[in-house]
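Single chain ahead, by itself, as structure tokens, in the form predicted on its own.
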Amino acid sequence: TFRAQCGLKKALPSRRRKAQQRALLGPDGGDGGSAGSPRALPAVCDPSRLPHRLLVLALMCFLGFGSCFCYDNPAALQTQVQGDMKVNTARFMALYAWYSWPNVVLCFFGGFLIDRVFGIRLGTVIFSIFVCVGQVIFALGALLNAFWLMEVGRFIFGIGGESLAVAQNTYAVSWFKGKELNLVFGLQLSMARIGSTVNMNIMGWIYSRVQDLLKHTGHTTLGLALLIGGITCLFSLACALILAYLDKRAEKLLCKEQGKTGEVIKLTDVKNFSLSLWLIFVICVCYYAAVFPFIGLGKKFSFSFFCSVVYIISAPMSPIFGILVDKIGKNIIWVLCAVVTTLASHIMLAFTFWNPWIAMCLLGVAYSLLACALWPMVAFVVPEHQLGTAYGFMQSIQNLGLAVISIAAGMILDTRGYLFLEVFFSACVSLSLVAVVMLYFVNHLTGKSGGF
């Protein structure tokens, strides 16, 4: 095998190595070298050169575009979903809860499946297929006027969605090294936010065009609109297939190993988690509970475009804040600023008549900042061998919290109205703020503030 050849490369005679390279790269050619030298590949076809790696980077970024686009399809079409399917807000928000339920468990096993069962290439294709199948079932549920089938579709969609993000990051680590990774991760996050932004601003238009074509509204119009939106998932699946081919080809040409997630999950490590880590978990759950369900219900608050402001700002700001936090440090101060800013934005929306642009812009900046500052803090308080377990547990309880809070938010909106719901979101952010302050003092008293 090529992997075995890599291990014995130093022991092979020079002439034999050249013969193997000619077999891989093609017949002898005229790149200006001596007779018998391998033909030079065009830069875009050579996996060791920058143009080819940029092509791979583009495919990596588009790998999650479809998943992010379709994740917030319900938010972009909230009015249409509730009207056509005749469901209240609590049932509507269950569509987000069903996405989160499988990821309460899969956060622990997604990396294992990629490393030990499927491999990065097959795993990425399988998770992309789950996303496509889930979106199709979601759309069929609307076409058949069966809301329970829409919930099944969201559950299947959730199985692929989060694990696909793990695969995306694994590809990045496999192809890019060192400081390149900061930019790569920033670009991937930006593309994800662009997908969400495009969804928020185009799905309503697609629904209107389908409605004009059919000359009536109803669940059939909704289903067709969702099927059209699912084309983005097919596009991402195509990217997964091309990326798998290019990665396999690079493994042969460069004798490189398949990417590994590096996750080592041991649930027994949970009992050894420090108080600082548990406080980080509280910050994560309480903060995101006031962001994602809020965006999911945003169509009822105002227009979809106002909600997309959060993603529009996050797209360019995430890599900028990532570089800034890396340079300055003091993560806990950045987290504190993000939480306070988010609390201020919810209070503005609840108790003032100011233009919602102000609050939504503040929320977009705060959301970007917190994502860059909070997640790296886990590495400050957890030994390296426990990082996989810590991040898996953090994502697990985040998804559990989002599932519960999404349903609760829908029930509150149905029974108490918008003002009480904003108070509820403000209370969640306030709990996050208390946890940030406690984390600061705990680490200060124990002398472990370090990079905080």
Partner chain sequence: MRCAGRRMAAPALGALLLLLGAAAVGGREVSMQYNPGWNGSSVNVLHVRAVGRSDSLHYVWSSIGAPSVLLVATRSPSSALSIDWSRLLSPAPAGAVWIEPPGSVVYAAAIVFTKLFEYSKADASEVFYPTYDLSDFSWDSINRTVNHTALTAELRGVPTSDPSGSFSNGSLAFRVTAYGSGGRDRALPGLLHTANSSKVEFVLTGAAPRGNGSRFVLEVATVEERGAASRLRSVRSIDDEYTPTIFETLSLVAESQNDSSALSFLQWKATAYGSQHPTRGDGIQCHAGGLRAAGGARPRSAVVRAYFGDGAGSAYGVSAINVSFGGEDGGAYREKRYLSWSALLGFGPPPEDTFSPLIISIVAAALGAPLLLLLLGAAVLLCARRRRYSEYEPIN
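Residue numbers count along the first chain shown, from 1. Because the structure is a prediction, the values reported are computed rather than measured.
Below, we refer to the form predicted in complex with its partner chain, which is not included among the displayed structures.
Interface residue among 173, 241, 350, 254 relative to its partner chain in the predicted bound form, by the heavy atom within 4.5 Å criterion: 350.
Relative to its partner chain in the predicted bound form, residues 218, 227 and 246 are all farther than 4.5 Å at every heavy atom. Proximity to its partner chain in the predicted bound form, taken as heavy atoms within 4.5 Å, picks out 419 to 427 from the listed stretches 64 to 72, 381 to 389, 46 to 54, 419 to 427.
Its partner chain in the predicted bound form is not approached by residue 80, whose heavy atoms all lie more than 4.5 angstroms from it. At the 4.5 Å threshold, heavy atoms of residue 402 stay clear of its partner chain in the predicted bound form, well away from it.
Taking the partner from the other structure, its partner chain in the predicted bound form has a heavy atom within 4.5 Å of a heavy atom of residue 343. None of the heavy atoms of residue 59 is located within 4.5 Å of its partner chain in the predicted bound form. Residues are counted as partner-facing when one of their heavy atoms sits within 4.5 Å of its partner chain in the predicted bound form; in 398 to 415 these are 413, 414, 415, in sequence order.
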